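Take a look at this one chain, the form predicted on its own, written out in structure tokens.
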């Protein structure tokens, strides 16, 4: 049985889920999106993802033709119609159908799509033993040109870095900004551990303000770590005690080698492993219930 997809107020079989070739999301990457995860019958950080979607849309002056509450319910109903309790949700809002020119005013209404599926970004063994990465030549978009805080449909910058990773045989890479500071991976935020300090780049250097990143920072603070948002270079990564990446799709994955330099002991470190376990518990125990109406009825 195929997937059911939400598109502009309708739930249709995936074969019927189509957008116009004149949609500016297709023509120009003009739109925004979110990747969201559901675990154990709950959608993790749904409100935070919806808020970020609307923030991204506001930044590009894209009007989403539904309220945040209706968008949340759309996500939940799409999952329900696919009969899933664990899922990856892709929520897409494009500028909509227009003409072949750039002018967004020619697009009368945004197109809203919600897709539910499964995702496996890295094989399980890499979470157990850690990944090896390299630094790529492709620099992250300059914040004055296109802010990486906007989760836009134009991911060509990330894709070019991913192509470098593929050609070199690495599962992930580190991207730098124009000043040479470490920014993030192709689709993940990065953290390093040095003593009791847990450090991640600040948003102003050119990163996406990750939802998983924020959750990890909060968990680390509660565990007593000195959590900092500071700029750092590759030298700081090379000499770190531990390093790991975070993201909705990646979750938390240890990094044990960068540019041929072994990080720490060359195995996933104690801070990383503790945060991985804490994050797993968090995703299993918290979130917006998918089948809350059924649960509420059963409780009466």
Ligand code: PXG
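Residue numbers count along the first chain shown, from 1. Since the model is a prediction, treat every value here as computed from it, not as a measurement.
What follows is about the form predicted together with this ligand, which we do not show.
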* Do residue 28 and this ligand share at least one heavy atom pair within 4.5 Å in the predicted complex? -> no
* Counting only non-hydrogen atoms and a 4.5 angstroms cut-off, does residue 211 reach this ligand in the predicted complex? -> yes
* Answer for residue 111 alone: is it within 4.5 Å of this ligand in the predicted complex, judged on heavy atom distances? => no
* **4.5 angstroms heavy atom contact with this ligand in the predicted complex for residue 272** => no
* Asked: Three residues, 194, 242 and 262; all within 4.5 Å of this ligand in the predicted complex via heavy atoms?
  -> no
* Only one of 211-219, 163-171, 123-131, 102-110 gets a heavy atom within 4.5 Å of this ligand in the predicted complex; which is it? -> 211-219
* To do: Quick one: from 33, 232, 39, 238, grab the residue that has a heavy atom within 4.5 Å of this ligand in the predicted complex.
  => 33
* To do: Within 4.5 Å of this ligand in the predicted complex, which residues of 17-52 have a heavy atom? Give them in sequence order, or say none.
  => 33, 49, 52
